[in-house]
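As a starting point, one isolated chain is supplied in structure tokens, in the form predicted on its own.
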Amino acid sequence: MKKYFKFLLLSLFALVVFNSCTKDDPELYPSTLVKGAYIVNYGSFQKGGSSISKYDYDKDVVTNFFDQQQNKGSVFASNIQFAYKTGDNIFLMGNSPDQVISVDPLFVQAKNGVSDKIAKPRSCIADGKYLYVSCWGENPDWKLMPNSYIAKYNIETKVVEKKIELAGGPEGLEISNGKLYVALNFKKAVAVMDLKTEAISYIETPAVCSYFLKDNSGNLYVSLISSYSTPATQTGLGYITTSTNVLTVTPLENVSTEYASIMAFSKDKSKIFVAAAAYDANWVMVGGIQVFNLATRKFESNALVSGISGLKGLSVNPVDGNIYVFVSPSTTNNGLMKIYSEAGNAIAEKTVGASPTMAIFLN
């Protein structure tokens, strides 16, 4: 009898220990292991090569193919379009095959990605237990995008509960004042969806849109770009006052049409860095980083950095304010991450994976 009682006590102790070691426990992801910049390398569409590079900026060390290191050598089946962190989840938007991949802050993937009701995912954002995913849909026409939609994914049940139809090629997403703002990449408008009723209205724009930044007041900046299918009457940076949904535009030529990360706030949110680039005679994307001053609501006269060939995007380190500029000579060879100070001084250049597009920062 004593033997069984001792066994019962040991079982209860194990159960208590197991339940205490949940993902809510901050010690599960110690900062010494997690802290760093994680670069999303898209690779070559339908040819693989997608990966994550980790940059430990304290030690100045880059670990390429970090995702494979963390997953026993497993390679991403999809090309990673976008990365987003919420809670203890990092969601990766994967193309060809299309799926939403979930990893923890150590970039360990627990199971296969979600592919049901997910077709050509682009970007995502969370609100409570839901993740909203912009999708271009099956067999897009690349003109009007009539079959695109927003997938409403339940993070807890890991099921896409609903497809909310939204023509026009939804791209970047942001949430403010109980509304989901959607940048449309094939229609000159920003869609605004009430999160309670799911009713959709539109803000007319002079160009198609790609991504948002939200300021401390809950108002939004949106990139206005010119595309081959939908030429713009004016490109630049749009400002949406979310209480009224009124748009004002500050013009800027050649706002980058690349995906994932073409603009970012400075560390103190007093400036916005914008990638502006255009194809040269040899069809190489060449450009630089323009600076928008939030106090004056104007772009500075000179570029912070210029003459960058193969410019893909940028991200800002929220710890030290340094600007990471992503460069891709080709989609099959290693890309570069050029690091600049906020003043535009070159600090370092690091080799990363193929076609780097953005970074997320974990602490």
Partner chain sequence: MRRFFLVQLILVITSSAFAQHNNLADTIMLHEVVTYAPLKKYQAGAKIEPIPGDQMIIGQAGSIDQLLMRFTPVYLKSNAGGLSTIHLRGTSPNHTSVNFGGININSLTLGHSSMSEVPVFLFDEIDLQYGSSSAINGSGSIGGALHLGLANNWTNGMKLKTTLSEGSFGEQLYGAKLFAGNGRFESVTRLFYFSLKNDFPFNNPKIGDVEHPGTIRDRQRGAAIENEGVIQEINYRFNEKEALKSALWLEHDWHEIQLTMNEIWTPKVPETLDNKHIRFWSEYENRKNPLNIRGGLGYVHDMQVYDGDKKQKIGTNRLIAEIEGRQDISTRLGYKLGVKYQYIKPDVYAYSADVIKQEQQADFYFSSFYTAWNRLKLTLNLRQLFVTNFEAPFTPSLGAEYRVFSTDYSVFKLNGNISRSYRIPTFNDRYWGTQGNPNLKPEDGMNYELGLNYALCKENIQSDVKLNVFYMDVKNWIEWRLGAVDWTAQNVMEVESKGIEFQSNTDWTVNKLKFNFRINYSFNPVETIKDESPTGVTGRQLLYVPKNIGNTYLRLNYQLWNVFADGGYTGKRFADYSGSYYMPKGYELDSYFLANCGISRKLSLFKQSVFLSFALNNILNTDYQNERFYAMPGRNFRIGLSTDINIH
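Numbering follows the first chain given and starts at 1. Because the structure is a prediction, the values reported are computed rather than measured.
Keep in mind that the form predicted together with the partner chain is not shown, yet the notes after this line are about it.
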Query raised in the report: Ok, 165, 268, 138, 280: which has a heavy atom sitting within 4.5 Å of the partner chain in the predicted complex?
Result: 138
Requested in this report: Consider the chain as shown here, without its partner, and state which of 336, 319, 34, 294 has a heavy atom within 4.5 Å of the partner chain in the predicted complex.
Outcome: 336
Query raised in the report: Does at least one non-hydrogen atom of residue 97 fall within 4.5 angstroms of the partner chain in the predicted complex?
Result: yes
Requested in this report: Decide whether residue 72 counts as a contact residue for the partner chain in the predicted complex under a heavy atom distance cut-off of 4.5 Å.
Outcome: yes
Query raised in the report: Any chance residue 258 has a heavy atom within 4.5 Å of the partner chain in the predicted complex?
Result: yes
Query raised in the report: At the 4.5 Å heavy atom threshold, is residue 76 in contact with the partner chain in the predicted complex?
Result: yes
Query raised in the report: Is it the case that 172, 175 and 363 all touch the partner chain in the predicted complex, with a non-hydrogen atom of each within 4.5 angstroms?
Result: no
Report summary line: With a 4.5 Å heavy atom cut-off to the partner chain in the predicted complex, the contacting stretch among 123 to 131, 187 to 195, 286 to 294, 200 to 208 is 286 to 294
**Report entry** Within 4.5 Å of the partner chain in the predicted complex: residues from 30 to 56 (heavy atom criterion)
**Finding:** 46, 47, 48, 49
Query raised in the report: How does the C-alpha distance between residue 306 and residue 278 change in the predicted complex compared with the present structure, closer or farther, given a change of 3 angstroms or more?
Result: closer
Query raised in the report: By 3 Å or more, the Cα spacing of residue 350 and residue 283 differs in the predicted complex; is it closer or farther than in this view?
Result: farther
